[in-house]
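What follows is a single chain, given as structure tokens, in the form predicted on its own.
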């Protein structure tokens, strides 16, 4: 059974390149491989609906991977209630072969790096472009410019992605000549402890051979080395051996070396001898690019404008959390039988996350807001959306921007296009009115009157 399961795992990895993560979670991953017949792979699905989805929707997308790993392009999908009958019948027809005793053999060695984490899939923005360039330089020319390369930043901002991107690049271009070792700090620690438990030199020899003969050492979450004196000693010696031998070292952490508690000064000094660079939380433009890239990679379908709204709503979310929100929205749409995620599902997911979501009035329009504000302040439309900057025009314009955001939830970038302003100017206008409503009774009165008038006209 081990062989078929191993091959199936490889298939799942390839399936994910052509099937959305939601489709994988709902229909593909729950499948269980049972047997490989001459011309088809036999699988077990958890339900009739799952079997129908796999055969009618996903089979064509699965065939290439099936052909590569199993040598077949067709599948036979059983329900759990049919499994025992199938095994009994197959055993009767082929008494010399047990249903799960396959001759297939898995490949000798698999790429240890996540295939989804590549340089091509990494979204470059103003908050990460420096470290991206450094990581790319290290991958293309190890131990030439930045050694060690120390990447730090908060959770879910792309540190592990960059480490795997470096690994994937090296695996693809330089594997034959290099011994590439990727390990988390926890794994390094556990390997060290296990070596000590063997209580003889052979254990430590194996440990040293694994890490000190690496051409490239990538270690993730080095901050967990804190308060581990023996592990720090071993890592220091490993670092020195590799560095002096001209080998590349890449390290990630959630904080810079100077902020890692109880880190030995000599290790701080070694880390500082290379290139240290942080990754900041994504700004609006980067969040938008991340969302659009994720939608493209996962082949999600979102209604127009939803990506802009999410980029604005998710200002306090890291990349991993943003990806999780997109996944939940599309998953919810799929559960309701929809192929396109709409604002309705976005609002439901964000509300469950505790995020305030503005509910729009479908009968209200941006033109209605503009005309209502113009009438209220007795100004011309061309002045309101034009370039005039006197207070009699600027304040009504800011109120109009605020109303478009709160009443229609129009993306701020779109509002900027309406008024011919950049995104930061629109944010400033919205935030200024929001603040004035809290402190200025007259402003609050004006805004409430406008909202009341707009709602009356929309009913």
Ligand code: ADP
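Residue numbers count along the first chain shown, from 1. None of these values were measured; they are calculated from a predicted model.
Keep in mind that the form predicted in complex with the named molecule is missing from the display, and what follows is about it.
Trainee: Indicate whether residue 312 is a 4.5 Å heavy atom neighbour of the named molecule in the predicted complex.
Mentor: Because no heavy atom of residue 312 falls inside 4.5 Å of the named molecule in the predicted complex, the answer is no.
Trainee: Report yes if any heavy atom of residue 287 sits within 4.5 Å of a heavy atom of the named molecule in the predicted complex; otherwise report no.
Mentor: Flag for residue 287 set to no.
Trainee: Can you check whether residue 128 is within 4.5 Å of the named molecule in the predicted complex, heavy atom basis?
Mentor: Although the named molecule is absent here, residue 128 would touch it in the predicted complex, with heavy atoms inside 4.5 Å.
Trainee: Applying a 4.5 Å heavy atom distance criterion, does residue 147 contact the named molecule in the predicted complex?
Mentor: Residue 147: no contact with the named molecule in the predicted complex.
Trainee: Considering the named molecule in the predicted complex, find the one stretch among 78-86, 344-352, 237-245, 155-163 with heavy atoms no farther than 4.5 Å from it.
Mentor: Only one stretch qualifies here: 155-163.
Trainee: Scan 249, 319, 222, 329 and let me know which has any heavy atom within 4.5 Å of the named molecule in the predicted complex.
Mentor: Checked against the cut-off, the match is 319.
Trainee: Between the options 122, 377, 192, 171, which residue brings a heavy atom to within 4.5 Å of the named molecule in the predicted complex?
Mentor: Looking at the other structure, the residue within range turns out to be 122.
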